[in-house]
Structures are given as C-alpha cells and as structure tokens.
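Below, in structure tokens: the form predicted on its own, a single chain.
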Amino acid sequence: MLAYIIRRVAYAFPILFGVNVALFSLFFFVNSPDVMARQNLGEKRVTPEQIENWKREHGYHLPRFFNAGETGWSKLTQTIFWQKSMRLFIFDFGKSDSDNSRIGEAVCRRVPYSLFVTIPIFLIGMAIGLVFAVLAAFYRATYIDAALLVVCVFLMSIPLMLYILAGQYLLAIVLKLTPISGFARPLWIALKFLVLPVIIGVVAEFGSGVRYDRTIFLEEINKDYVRTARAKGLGEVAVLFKHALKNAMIPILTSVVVAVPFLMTGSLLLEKFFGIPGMGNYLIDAIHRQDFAIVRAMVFLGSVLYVGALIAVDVSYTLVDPRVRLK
C-alpha cells in the first residue's frame, strides 16, 4: 500500500510542474509585466518611471527564466519564474498586486467561510443523491423512475443564477424565512445566513447527482453477480444495498474528485451573491481588480487540490477493490 501511495504522489509532481509552467507562460508572456503595471496604475498618464517602480516593488523587474547578471544558483533563483512560480510549491503565494497584502494569510482566513457553505452542500447533496438514485434503480422502468428523471432533467436545465435569484425572492423577500444575503460572526449567528445558499446549492446539484448515481446503479444491477444473488433468493433491497452499492462506489468515488477543490475554493456565484467572505468571493474580487497574483495563486491551489483529490481517490479504490494497487 505504501509503495502504491508513493508511486501516485510521484506522478503528481510532473503534472503540477506542467501546470506551473503553463500558468507562468499565460501570465508573463501573453500578459507582460509592463501591461500588468499599467492595468494596476491606470492606463492614462502613466510614466515609464512609475511602471519601473511598480515592477521593482512587486518583483516583476527580474528576468523571466535566466538572470545573466547574477552568479551561481542566483542566475536561476533571481528570476520571475523562481520567485513567482516555483515558490508556489511551498505554498508561498507572495503578495497581492493591488494592495500588497499577503495572499497566504487571506487564504487561511477565508477558507473556513467557504467550508461553512460547501461542506453542508457536499454532504447533504451526496446523501440525497444516493437515496434517490437507489430509489430510481429500485423502481426502474416505472412511473416513479420516469417522474424522477423528468424532475432531474428539469432541475439540470436551470442555471445557478436563476436558482439564486428565485431563492432570494421566494424564501428571503416573500416568505422572509432567511436573510437575503450577508454574513456574521461567530458561526452560530452566521447559521441563519448559510441556510439559503446551502439549500440552493443542494437543489442545483440534485439533478446531475441523481442521474449520474442512477446510471451507475443500473449498470451494476444488470451484471452477473447481481443475477446470481437474485437466483439465490435474496430480495431486491438486499441486492441493491449489500452487493450493488459496494461495487458502484468506485465510479461514485471518482465523481467526488470534482467536488473536493470546490470545497476549499468555494462557489464563486453563491459567495458573491450572498456576501460570504470565502475563497470564491476573494477570487471574483481579484478578477475585477485584475490582481493577477491572486488569480495565479488560486488557479495553482485549485490544481494542487484536484491532483491531491485524485491521489486520495486512487487510494480509496484500493480499499474498495484491493486488485487496483497491483496495476
């Protein structure tokens, strides 16, 4: 098991390095430091001296990959690539381009607020999705299954923006059951502000989650081992929960990978519309301010979380099916 985990972790470094190089090329070749300086200082009446001072203040005055004016290892370390990209591997995100605040401190401060929203959405949505998927598989090819599919397709066809606006109008303005937006501290006071975004997040993910899980269950219950279990006299409930559910967990675990970065990085629209000071709100504000240091750090952090989730899922595969570790 340990060798399998080490092998999977070793595979992750070339992927993250490739992501790092792609990010650097995108931010420092397509968009040069001079352009970044003008965008932060203002396009009009910006002197070359102001641009150079801004670049020096933010560390963008260095060469991109190779510094011929230095000696030894400094030829590589005193470069934009080393200072701005390679330091991301030790989670040194540097400072914001717009206000010089430490990005790492802002991330640590904002991640808990994102988790307050995303973890309930993830857990409640996954539980409800599994229950209704098993229900659809149990009543497959009946009116219950057909009605559930119609509801899922209908819910999948509605954009998240419409869910947010309809939820705020109906539950907050008309029924006055929850605040329309905002956030408060401590957590027990903030719970009333989290109810509405959590409900909207669960409803928005309901259709796609149920349809995916239903497809997996229908594929499993038509396999030979399920037919053998039925031939032995087991009831349909026992077949679904004791046999099909366990084997269906491998593809279901794969779908969890998509949700793991979302837990940490937050939901952009939900946090922005409901005034939650999480990671999604932080990223949206950085895009509006054209703060490329924050955007670059958040993209790399998302890739690290995604790759880490892939490794966790690979390890979880071995718990469900030990044969996987031999591959």
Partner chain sequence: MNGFRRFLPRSFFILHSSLFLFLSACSNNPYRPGEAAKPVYFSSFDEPPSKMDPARAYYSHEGEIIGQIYEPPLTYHFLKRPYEVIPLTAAEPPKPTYYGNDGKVLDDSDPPADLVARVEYTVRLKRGILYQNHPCFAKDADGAPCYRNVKPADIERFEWPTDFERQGARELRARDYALQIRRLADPRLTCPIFSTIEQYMEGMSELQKAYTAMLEEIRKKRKDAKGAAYNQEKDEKDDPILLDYMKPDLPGVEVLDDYAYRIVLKRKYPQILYWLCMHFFGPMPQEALDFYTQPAMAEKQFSINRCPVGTGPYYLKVFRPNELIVLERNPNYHEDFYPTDGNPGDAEAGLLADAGQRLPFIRTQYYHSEKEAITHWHKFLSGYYDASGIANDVFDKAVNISRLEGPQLSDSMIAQGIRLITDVDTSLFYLSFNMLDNVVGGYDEKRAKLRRAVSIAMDSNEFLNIFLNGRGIAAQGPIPPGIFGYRSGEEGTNPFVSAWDPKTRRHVRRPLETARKLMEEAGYPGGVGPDGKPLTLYYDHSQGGDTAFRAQVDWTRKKMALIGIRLEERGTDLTRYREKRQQGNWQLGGGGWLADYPDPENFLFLFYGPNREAQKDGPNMTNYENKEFDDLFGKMESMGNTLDRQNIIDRMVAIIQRDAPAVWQFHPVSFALTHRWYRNVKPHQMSYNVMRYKRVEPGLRIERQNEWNRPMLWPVVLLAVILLAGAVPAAVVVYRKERGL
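Source: prediction; values computed, not measured. Note that the rigid core is defined as the largest set of C-alphas that superpose within 1.5 Å between two forms. Residue numbers count along the first chain shown, from 1.
As for the form predicted in complex with the partner chain, it is not shown, yet the points below apply to it.
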Query raised in the report: Among 244-252, 119-127, 100-108, 207-215, which stretch has residues whose heavy atoms lie within 4.5 Å of the partner chain in the predicted complex?
Result: 100-108
Query raised in the report: Within a 4.5 Å heavy atom cut-off, is residue 272 in contact with the partner chain in the predicted complex?
Result: yes
Query raised in the report: Should residue 193 be counted as a contact of the partner chain in the predicted complex, where contact means heavy atoms within 4.5 Å?
Result: yes
Report task. Evaluate residue 54 for contact with the partner chain in the predicted complex, applying a 4.5 angstroms cut-off between non-hydrogen atoms, and reply yes or no. Result -> yes
Report task. Classify residue 143 as contacting or not contacting the partner chain in the predicted complex by the rule of any non-hydrogen atom within 4.5 angstroms, answering yes or no. Result -> no
Query raised in the report: Which residue among 177, 149, 256, 166 has a heavy atom within 4.5 angstroms of the partner chain in the predicted complex?
Result: 177
Report summary line: When the partner chain is considered in the predicted complex, the residues of 73-90 having a heavy atom within 4.5 Å of it are 73, 74, 77, 78, 83, 84, 87
Query raised in the report: Would you say residue 139 moves between the shown form and the other one, meaning its CA shifts by 2 Å or more once the core is fitted?
Result: yes
Report task. Establish whether a shift of 2 Å or more occurs at the C-alpha of residue 80 between the shown form and the other one, with the two forms superposed on the rigid core. Result -> no
Query - Yes/no, residue 221 Cα shift of 2 Å or more between the shown form and the other one with rigid core fixed - result: yes
